[in-house]
Structures are given as structure tokens and as C-alpha cells.
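So this first bit is one chain, no partners, the form predicted on its own, shown in C-alpha cells.
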């Protein structure tokens, strides 16, 4: 039986060889690179926000025993903000799937639009990560990048990335609200009663937590108007506070940049420009963790999306993150 199986396998192998030899377009293994080459990948996702990071992985290599890498450089069309740098560690994936970094050069030096790493370790292949911190100057514009590398043979290569649109939105993460605190969309800030009295025109919503018999109220945002007095029991509003803010509560809605534990879903400039809040109420009650809401200020100047990062079902206090766009 084993001999029979052997001849069957041998016959199949021979047939394959004969078939391949008759094919004029038989596959051949391509030659490897004979000189310095490079490639680049954008690692970050979603809208590119001022103050946020645009991340890349830049790979460069030349054949073994033909020379060494000397330097790697990135030039941005608009100089990055403080914190922009090119890693001086080359990364590869370990046996357990973890990122393993090996120091290959001196820390990067940034001069204007250029950020450069000089290699101090003999190596013919490396992948460096580049982190570009988006500056205020780039808001609403486009930014491009030129990656380049040089080797000990005097060869140079380059790789262009972009252009990438920079969002006009602002973003702020992890703002903590306590019971009866005041929230300003224009300032993206949380105020107490004293601070609200000093900035009455900027107060858009009151955050409160209530447990009420017969009503599921819990966490709520309420516009501080006279019409909403029933939603604000036993609360004396500071003088001058009275904006009516559009508030459309949504569930099963998230943003990766705000939530950081969701993937592939983003709120961008177009979403905030096109959302229709004309029929939205000026309050929202029973707001739960991982929910969100679309907002518009009373004067129509700002629209925003907030995501609820933390909210207990039994205790007051909430943590939210926000994206905000100036509409007019």
C-alpha cells in the first residue's frame, strides 16, 4: 500500500513538471533588490487633528554585505509642532507578536521642516517610526512629507507621502464633570457656579445626576433656560446664564479618537457641517456610558460631538471627550 501511494505521488509530481515545462509563461523567482530601496506606510487613522499625531513607518534597506545605512530624514511641507520626531529605534515583530525596538542611531534632530536620524550602528535594513505633531499653522490646510535615506555607497532614495488634509475641528479628551457643573462648548471647558457667573454667555449646558421616582433621569445635560426649570430642581442658576443649546442624544455611536477603544469609526468635519439639529431638543436625560450626542450652540457658531467615556449607573459624575467645529 505504501509503495502504491509512492508511485501515485511520483506520477503527480512528474505530471506537474511536464505541465510546467510546456508553459511558455512559467513563473520564475524575481531577482532581489541590488541597491538601496525604501517604502513607507501611514499608521494613524481618522481625521488629522491640530495637536494630534500623524504616524508613519519608514522602511529602508540595501542588500546584505553591500554597504550600510547612514541616515534617514523626513521633510514636512509645514514644520511640525513640538514633539515631532523620528524614532532612533528600528522595529520588528517578535515571536509573540510584540513590537521589538533596537537602537540604531542617535536621537533625531529637527531643524525647521526637516527631522533626521544619523545611524550609529552598522545595519543594512531598518524601519523607523515618524510622529508628526500637527501645528496650529496647518489647520484647514494640507501637509505632505518627503522621506529619504542614504547609504555608505553614496546612494540616496526618497519616498513622497501625502498630501493629507488637516481638520478644522478642535478636540479635547477626558473632561470630568461633577454634579451641577456647567459646560461650555465654545471653551471646551467645565465650570463651577462661580466660574459660570463670570462667563454666563459661554455656558451652554448644565450637567446633573438625579434619581427621581417614576422617571429614569440619571445623567443629564440641560440647557439653563427658564423653560427647563423642572429639569433643574433646587438649582439656582448664575445671573445671565440662559443659552438654549441643541442636544441630540445618540446610542451605538462612537469615535475612535474620542473613545480610544472603538475602531474604524470617526466623526469628521463634514459630519459636523451636515448634521441637522433644527428639530433637536435643548436637553438630554438618561445618558449612558459609551453613548454620544450632537450639539449646536444657541448662536449657531459651533457644532460638536461628545462621547461619554465614563458614567456610573448609580453615582453622579461623568467623563466626556469632545470634537468641536466652528461653523460661522
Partner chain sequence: MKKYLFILLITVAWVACVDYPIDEDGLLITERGECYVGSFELLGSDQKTVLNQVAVDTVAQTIDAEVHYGTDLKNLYPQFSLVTDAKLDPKITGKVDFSDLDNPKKYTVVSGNRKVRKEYTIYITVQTR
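Residue numbers count along the first chain shown, from 1. The model shown is predicted, which means the values in this text are computed figures rather than measured ones.
Same protein, other form: the form predicted together with the partner chain, not shown, and the subject of what follows.
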Inset, instruction - Kindly confirm or deny that 91, 111 and 158 each have some heavy atom within 4.5 angstroms of the partner chain in the predicted bound form. - result: no
Inset, instruction - Would you check, heavy atoms only and a 4.5 Å threshold, whether residue 302 touches the partner chain in the predicted bound form? - result: no
Inset, instruction - Consider residue 283 of the chain shown here, and say whether it contacts the partner chain in the predicted bound form, taking contact as heavy atoms within 4.5 Å. - result: yes
Inset, instruction - With heavy atoms only and a cut-off of 4.5 Å, decide whether residue 279 touches the partner chain in the predicted bound form. - result: yes
Inset, instruction - Although the partner chain is absent from this view, report whether residue 250 comes within 4.5 Å of it in the predicted bound form, heavy atoms only. - result: yes
Inset, instruction - Select, from the options 213-221, 159-167, 98-106, 121-129, the stretch whose residues sit within 4.5 angstroms of the partner chain in the predicted bound form by heavy atom distance. - result: 213-221
Legend entry - Answer option from 191, 207, 85, 231, heavy atom within 4.5 Å of the partner chain in the predicted bound form: 231
